Every structure is written in structure tokens, then in C-alpha cells.
Ligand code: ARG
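Listed next as C-alpha cells is one chain, alone, in the form predicted alone.
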Amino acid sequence: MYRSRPKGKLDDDVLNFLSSMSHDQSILYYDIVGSEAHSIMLHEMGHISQPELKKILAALEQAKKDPSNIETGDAEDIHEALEAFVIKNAGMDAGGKMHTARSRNDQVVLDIRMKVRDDINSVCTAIIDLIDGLLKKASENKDAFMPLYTHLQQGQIGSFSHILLSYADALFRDLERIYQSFGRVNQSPLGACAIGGTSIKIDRKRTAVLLGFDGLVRNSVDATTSRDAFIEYVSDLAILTTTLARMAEDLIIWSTSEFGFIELADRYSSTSSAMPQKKNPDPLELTRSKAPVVAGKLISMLGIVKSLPSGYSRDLQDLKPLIIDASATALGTVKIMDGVIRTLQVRKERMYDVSKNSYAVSLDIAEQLVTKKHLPFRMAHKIVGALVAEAAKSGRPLADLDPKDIESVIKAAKIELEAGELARIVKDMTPERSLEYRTSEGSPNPQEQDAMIKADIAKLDGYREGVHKRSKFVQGSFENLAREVEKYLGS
């Protein structure tokens, strides 16, 4: 339909190569409402008569109700197919005016902006739900003592609650990045036309209002060329899926028989075709793999836009499936992680046994020597290191060291310290006491856990309200547009 200068049809292989139809169904609804808003504006500016507008809107509403009626045939994309459908049903005299003062260049990016802003709200809602699940699970597990790891070696005693809250904090940053990208996406490019605007009198602000945009991408070259807001969004998704992958790796390790800290719910586990005892964390393994999948789409997007000239180039078409797929992948992954977190079983007794028998209290003991005996930290560090080395010879916890072992460590260190006093400090350092002593802000101390959970709940409520308002505003704009359409159809 667009072939005015070239004669005849496209070669079939060329049409297949150019076509974006396989990914266009996800933006068809936005193409329809965008065309409705544009047509109403053209009528209000005197370019389309009311009877002509009525025919155009009737055809667009028919397409909205039953998209299967749209013949894709020789069309390169859904935009061409939709316009052909309108012309077929409204006639050329009316339908042929729908594309006045518009180009595919501003039309395509308009549709993607509307799609992405809805996706942003959906992803933000899913992250909010996941953080909510983490906070609920953290509240239930403040007493679930467990080792904290550095280099995958036991470092200090913590709690499962503390770990879950660390995930929540990382996800809050992911949420903030994605939430803030909404403002840069929600700017209307419609009316920029092909690249340099139009000599036909239009009202860009009117279409922006009808479609729920906050404002305009004012410069016509920028409006049709720039894709940085989409790249920013997918970059945010890549960081988000990296956070989820780290969470998945932790949960996979802790669900092994060797750790046994948690057990995944049956409905979030798979099994083996050969080994009947297996309960595999397949959803978490695929969660882990989604991070490089999304990151790969981001790298492809950056490669596509690199060194493109200003103005629309067909290369930009290949961004569409990358954005849509990255968005769907990230959204699905967040929902899977939310389900895993809410349904997993925490084995507190197993965690406590490992904590009690570990050397992860070593730093706490050293700090008590600094606090109570005023030893230099480096000296306390050496003493406790020697105690651990002695205990490790026979695989004993520090609390089971003999008085003579402690005495020999003190003598070797050549310090003024009674063996009985050091023994009391060592035996006193239970997992409970370890967290009780650590009162620094943000530590696993139970009071700090309570404070962090309370603060996170308040922060989450703020984001939930913000996403709700944004979604409601966009929905309200579409409802207002629908009333405008109904008014003209009923006239």
C-alpha cells in the first residue's frame, strides 16, 4: 500500500526479510488507539469531516474488537495492515486521510512508548510484590540463624531475615531505576512526522493528552531518531535480572543436601527422568540464565543504534523484538522468584546447628577482646586465629576447646590474659549472643531487623501508590479517549 514510487510488489524474500509482523501483535492495540487519537485531532483541526471521522473510528473499533479481521497479506508491518483495513472499511475518501500529518517513523515509536510504559508499570508491580514477599518471609525468620559467607566460606553469623532484606534493598534500587525511566518514556513523539514535522496545522499536545503522555519529545529529529529511553529501560532490566540470578544461585546452593538450609516447594521444583529421588531447582536455574539472555538483548540494542545517522533508519525495527522479549523475560522471572520466595520452607534447626558449630563467631570473639580487654585488634585477630587453628585440628567448635589449649595459645601470644577469662568469652559467644552484640546500623541484630522491615514496608507502600497513580492516569486517558470515540460514533 505504501509503494507510490516503486512499482509492483516486493519480492517475497524481501517482504519476509522486511516484515516485523511476527512481533507486531503486541503493539496492535497501541497502534489502534494512537490512530484514534490522531484522527480525532485531525478532525478538531478541520482536516477530517465528522462523517469521515465516524467511518475511520468505526473501522478502528472493529479492528480493536476482532484483530483477526486485519489482513496482513503483503503488508510489511501491522501499521500498513491496519491502515489498509481502515481504507477497505471506511473507503479511500475517509480512510485515506487517517495518515495525514503522520509518518510510520513517529507512529512506530509512539506505539512502542505506550507499550513500554505499560510494561514498566507491570514490572514495577511485580517487583513490589516480590519485595512484599521478601519482607513477609523476613518477618517470619528473624530467629533463623545462619552463617554469612564471603568467598563461599563461613564469615560471620547472621540470619535468613538479614539475607532476605539484603535482596529487598537491591530490588528497591532496581525498582527505583525502572520507576524513574517511566518519565523519560512517557513523552509523545506523535506529530514529528517523518523527521522534520509537517506544514499541516496539527495539535501535538492534544494527542499527547488523549494518549496519557506527560509531555512531548519536542524536537522532531530527536522524536523519530532517539531510542535511549528504551535502551535505558532494557539496561535496568538487565541489572534486575542479575539481582534475581544472584538470589537464585544462593537458593540453589542452600537447597542442596549438603547445606539443607531451605527446601523449595514441590510446585517450584522439577524431577529427573531417571533418578526418582531428585528434586531439581529448575525454575531457579532458568532464573539464573535469564540474566545473560536479557543482557544479550541490551548489547544487541546498543550495537544497532551505534553509529546510526540522525533520522529514522530501518535498523531501528530490530529493536522492537529485543525490547518486547526483554520485558516479557524480566517480568516472568520476577513472578517466578516471587512464588519461590513465598513458598519455600526454611529449616531453622539445620541453620542453627551449622551456625553453632561453625567458626563464624571468630570476629565476634576478637571484638570482645578489643572491647573488654582493650587489646589491639590485630593482636586479638592473631589470638582467635590461633584458637581456630587449634580447634580445627580435631574438628571441634571453639566452645569445646580444652582450658590447656587456650592456655597454650595465650602463652604463645605472650599477652597478659587469664585462660579462664578467654574461655568464658569463647563459650559465651553463641549465635544469639553474636547478633546481640552486633548493634551497628544495618547489622543482623534483631532490633535492626525490625527497624529495616518497618522502613521497607513504608517505602514499598510509597512505590505501590505511585505505580497505581500512573496506571490509573494512563487508563483514565484511554477511557476518556474511548468516550470521545463513542461520542463521534453516536453522532
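On a predicted model such as this, the values are computed, not experimentally measured, just so you know. One-based numbering along the sequence shown.
Below, we refer to the form predicted in complex with the ligand, which is not included among the displayed structures.
Distance criterion of 4.5 Å from any heavy atom to the ligand in the model of the complex singles out Asn105 from the list Asn105, Ser166, Asn121, Ser235. Between the options Thr72, Thr100, Ser408, Gln317, the residue in contact with the ligand in the model of the complex by a heavy atom within 4.5 angstroms is Gln317. Only one of 157-165, 381-389, 413-421, 75-83 places residue heavy atoms within 4.5 angstroms of the ligand in the model of the complex, namely 75-83.
Among residues of the shown chain, Phe261 is not one whose heavy atoms approach the ligand to within 4.5 Å in the model of the complex. Residue contact check for Tyr312: one or more of its heavy atoms lie within 4.5 Å of the ligand in the model of the complex.
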